[in-house]
Every structure is written in structure tokens, then in C-alpha cells.
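Starting off, we have a lone chain in the form predicted on its own, written out as C-alpha cells.
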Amino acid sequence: MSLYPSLARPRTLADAAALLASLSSGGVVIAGGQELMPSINAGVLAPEVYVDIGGLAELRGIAETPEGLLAIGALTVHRELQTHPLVTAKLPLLGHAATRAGGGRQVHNRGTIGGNLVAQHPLYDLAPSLLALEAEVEWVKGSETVRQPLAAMLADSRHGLGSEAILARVLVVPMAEGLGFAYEKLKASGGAYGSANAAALVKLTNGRVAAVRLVVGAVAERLLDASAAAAALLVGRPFDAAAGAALAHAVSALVTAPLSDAQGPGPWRQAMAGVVARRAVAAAVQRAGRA
């Protein structure tokens, strides 16, 4: 291993993917660096080649596709998600979640959606909302372009994203009009990681829950998609105190291996999973009712 790593700045996504494919090991993709640099500074990672994709225009921008999806480039930073008119109008849940990310303005202006997802960090804020929105991702490895559900990408690390493959964009179906949404997060301070968070989408018909999506994060190593459990309890009935209590109990029961770290002990995190789930669904129901 060289004491002096190399830096490469490819001019196209195809060049960057080809370069990574040519490296047997030691290569790492860098863009915003919010996830990567702390690990390097701590000595956890020691790359031999930095492949800097920060200048690739192909990975920037937010636009509507001919399919009617919203395509979000992997280099889109949190601040763009908070303020872009297409996100505000068509994916307000994602824009709201981006405002809750910790770290302050420096992170919001530098950290990218691509880095956030590739890190697969259980405490990060964007993935729960994107899972609730049933987002897809598109990534490039060598000469191959792969499109798959975000849920599948997060469940399988064999893609080699960040070292062998490059996340290109995130694809999301715009939210339907009248859909209630919420992102709830428990945290110790404004810039802290969450101890528990939850993203919820709710559709109401005549004051009763007609459909619900619910994803809970920061309580286990993997995000918890509690949509099926929530639907079984809530669809066809109004969301009242009894329904909220039943939902909280059911979601906490799904957390069988809770995280225990600086954000809180495992048993408490398990209980808080139910709390944020109930709060998120309640807030989403309120928004849906107003709509």
C-alpha cells in the first residue's frame, strides 16, 4: 500500500466506472466526503486511489422523467432537497426529512443524497422517507447500469457501491394529492443523530385510514419497514388514541435487536420506535385531514 494515495478526477460517469473496474482494490469514490473523511481521519479506511466524482454534471440536478418520475442526481445536497421547487411540490416528505438532518449548514450544503444512501448508516435521515416513498435507485458498475428498488439495494451490500460501483440517481413517484406525510425524529440536540425516527404516509377516505406506509429508523442496524403491520392495524378505521397505542406496541415488538450506543440503550430505543411511529402516523393523519 502506498503512503501517498492517488487522486483521479474522471470527466464522465462512464470514465469513473471504468476506472473503478480497472482497480483490483484500494479505490474509493468521494464526492461530498461527509461520510468518508471521518473514517479516513480516524484510520478506519486507508484508500490507495480517490476517485473524485464531485465534478460530474451527469450526477447533478433534479428533474421529471418521461415516465413521470422525479429523478434526483446522486450529487444533490441536502439543501437542494430542502428548497428545490419540484421536491417541495411533489415530494414534500423528502424535503421535510432533509431539514431534520443533523450537522448544521455545513453538512446540509455538502452532504449528498448519494453518499447518504451508499453509507447505509442506520441513523441517517433520508432513507426512511425514500423507503416510505418506495424509491428506486440507478447505479453503474463497469459498463453495466442497474435499476432496482432502494429497499433491495439497502438489503444487499454485494453491489460494492462506493468502491466498485457508483450511485447515479434516485427515482421517485411523486406523492398523490391529499396524501398526509410526516417525519418524526427523537434527538438530544439540534445537530445530533436521531435516537429513533419514523417516516409516514397516510391516505384518508371519509375520516378512515385507506392506506399507510411507515418506515422506522435509528433503532436497529437496518431500517424497519412497518407498513404491513401498520396497514393491518389501521386500514378501514379512524386513527384514534386506541389505534395509536396499538400501533406503538406493534412497532416496538418488531424491533428484536435494538441498537445500543451513544444515542441511547437498546430497551429504550425499542420503546421509542413505537413512540415515533405513533407520532409520525398521527401527524400524517392530521395533514391528510387538512388536505
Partner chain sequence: MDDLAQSVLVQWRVNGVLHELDVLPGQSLMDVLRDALRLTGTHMGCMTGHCGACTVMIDGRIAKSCIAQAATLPRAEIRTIEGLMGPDGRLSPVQQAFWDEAGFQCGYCAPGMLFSAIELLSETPDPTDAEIDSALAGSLCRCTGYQSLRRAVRAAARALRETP
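Numbering follows the first chain given and starts at 1. Since the structure is predicted, the reported quantities are computational estimates derived from the model, not experimental observations.
Keep in mind the form predicted together with its partner chain is missing from the figure; the text below concerns it.
Participant: Just to confirm, with a 4.5 Å cut-off on non-hydrogen atoms, which of P149, G142, G104, G178 contacts its partner chain in the predicted bound form?
Facilitator: Answer to the contact question: G104.
Participant: Heavy atom to heavy atom, is P5 within 4.5 Å of its partner chain in the predicted bound form?
Facilitator: Yes, P5 is a contact residue.
Participant: Although the partner isn't part of this model, could you tell me whether T256 comes within 4.5 Å of its partner chain in the predicted bound form, counting any heavy atom of the residue?
Facilitator: Heavy-atom contact with its partner chain at 4.5 Å: absent for T256.
Participant: Is there a heavy atom of H96 lying 4.5 Å or less from a heavy atom of its partner chain in the predicted bound form?
Facilitator: Taking the distances in the predicted bound form, the answer for H96 is no, it never comes within 4.5 Å of its partner chain.
Participant: Could you confirm whether M37 comes within 4.5 Å of its partner chain in the predicted bound form, counting heavy atoms only?
Facilitator: Yes.
Participant: Tell me the stretch among 38-46, 238-246, 66-74, 225-233 that has any heavy atom within 4.5 angstroms of its partner chain in the predicted bound form.
Facilitator: Residues of 38-46 come within 4.5 Å of the partner.
Participant: What residues of 78-94, in sequence order, lie within 4.5 Å of its partner chain in the predicted bound form by heavy atom?
Facilitator: Only a single residue, R79, comes within 4.5 Å of the partner.
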